[in-house]
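Below sits a lone chain in structure tokens, taken as the form predicted alone.
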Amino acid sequence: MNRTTCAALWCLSICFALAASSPPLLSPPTSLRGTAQGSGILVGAAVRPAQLSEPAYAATLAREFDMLEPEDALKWETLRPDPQTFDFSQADAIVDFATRHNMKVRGHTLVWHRQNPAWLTNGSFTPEQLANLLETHIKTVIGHYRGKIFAWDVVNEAFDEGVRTGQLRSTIWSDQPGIGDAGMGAAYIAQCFRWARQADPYALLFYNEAEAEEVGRKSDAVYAMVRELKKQGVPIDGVGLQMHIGDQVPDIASISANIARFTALGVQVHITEMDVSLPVDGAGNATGDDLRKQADIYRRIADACLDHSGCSAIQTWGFTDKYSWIGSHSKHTRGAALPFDGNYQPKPAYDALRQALARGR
């Protein structure tokens, strides 16, 4: 045996010895979307098109989620610069990203009382003109994405807040002058769903609401409306429960009961805008104890959804604290609301959510 062969054998023996004495290399944790496969539930995030060009943002989004939703790109003020024009460029970029990464898209939102262009809110339209504008908008937008967007928030937050909780909100669509159904309760909402179904017979049509997660006056009113719409044969397929949580003590049993009663009506439930905001210091950091409490909330709400076969999606409003709306909305007294921190590192909430998804139904 020559010197070269001896040296090679010696190196090989050293390599085997090192391999035997070293701990095995661990695979990276399975992504949220990978963990959820086979559970019958989609895991999503609301997104902004401007951030899709940021490599860390795009990579995290594509790796972790199998559903996304535009935060603002499908709202009237973005889509309708004037009465004659539709600008789909921002929403198209999001849908194209989803297509490339095998993700489903939720459309948000066709009818809302906020983020409408000035030409609409300040216009002097008759009820007939408003109805024509709304019908054209719904059918044009859904038609543009027919076969590409699988579910739509047709109407968003039609019920009032505060002392009027449980009553329909006064909006440009319901009155002043409204689309011709003023004083007729949810009649304009029913009409919007009918127009949406005409535009795409296969898309799922949702009503989406804030502060209606637990059983109470507002969720009772939404439940009664959905039950009546179903009775009338209105094509409503689901209810979105936003799940913006800010008090660290949500009533999980009540949330689960609420999901149960909606799914018993024969509609799906999506958790559409979840975040759990925490008190933060001047640098935007929450305490370790609060982060652990937050993780428990994420886990328990995911469990509540998974406990009901009709709850078919969990979506967060954004996914990284870097771009959460909570900071500016609270004047930076609260934040740290999402599963990833500002550097795209997973937080305890991420691990808790993934563990719940791993348990499955």
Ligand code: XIL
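Every value quoted in this text rests on a predicted model; they were computed, and no experiment measured them. The first residue of the sequence shown is number 1, and the count goes up from there.
Below, we turn to the form predicted in complex with the ligand, even though it does not appear here.
Novice: So, residue 208 and the ligand: in the predicted bound form, are they within 4.5 Å at any heavy atom pair?
Specialist: Result yes; residue 208 sits at the interface with the ligand in the predicted bound form.
Novice: Going by a heavy atom distance of 4.5 Å, is residue 75 a contact of the ligand in the predicted bound form?
Specialist: Yes.
Novice: Does residue 195 reach the ligand in the predicted bound form if we count a contact as any heavy atom within 4.5 Å?
Specialist: Contact check for residue 195: no, nothing within 4.5 Å of the ligand in the predicted bound form.
Novice: Within a 4.5 Å heavy atom cut-off, is residue 334 in contact with the ligand in the predicted bound form?
Specialist: Residue 334 lies outside the contact set for the ligand.
Novice: Select from the listed residues 132, 115, 126, 121 the one whose heavy atoms reach within 4.5 Å of the ligand in the predicted bound form.
Specialist: Comparing distances to the ligand in the predicted bound form, the residue within 4.5 Å is 115.
Novice: Sort through 171, 256, 242, 263 and report the residue having a heavy atom within 4.5 Å of the ligand in the predicted bound form.
Specialist: If I apply the 4.5 Å criterion carefully, the residue I get is 242.
Novice: Using heavy atoms only and a 4.5 Å cut-off, decide whether all three of 33, 64 and 350 touch the ligand in the predicted bound form.
Specialist: Not a single residue of the candidate spot has a heavy atom within 4.5 Å of the ligand in the predicted bound form.
Novice: Quick one: which of 242 to 250, 85 to 93, 220 to 228, 278 to 286 gets within 4.5 Å of the ligand in the predicted bound form, going by heavy atoms?
Specialist: Only one stretch qualifies here: 242 to 250.
Novice: Going by the ligand in the predicted bound form, which residues of 136 to 156 come within 4.5 Å of it through any heavy atom?
Specialist: The stretch touches the partner through 156 alone.
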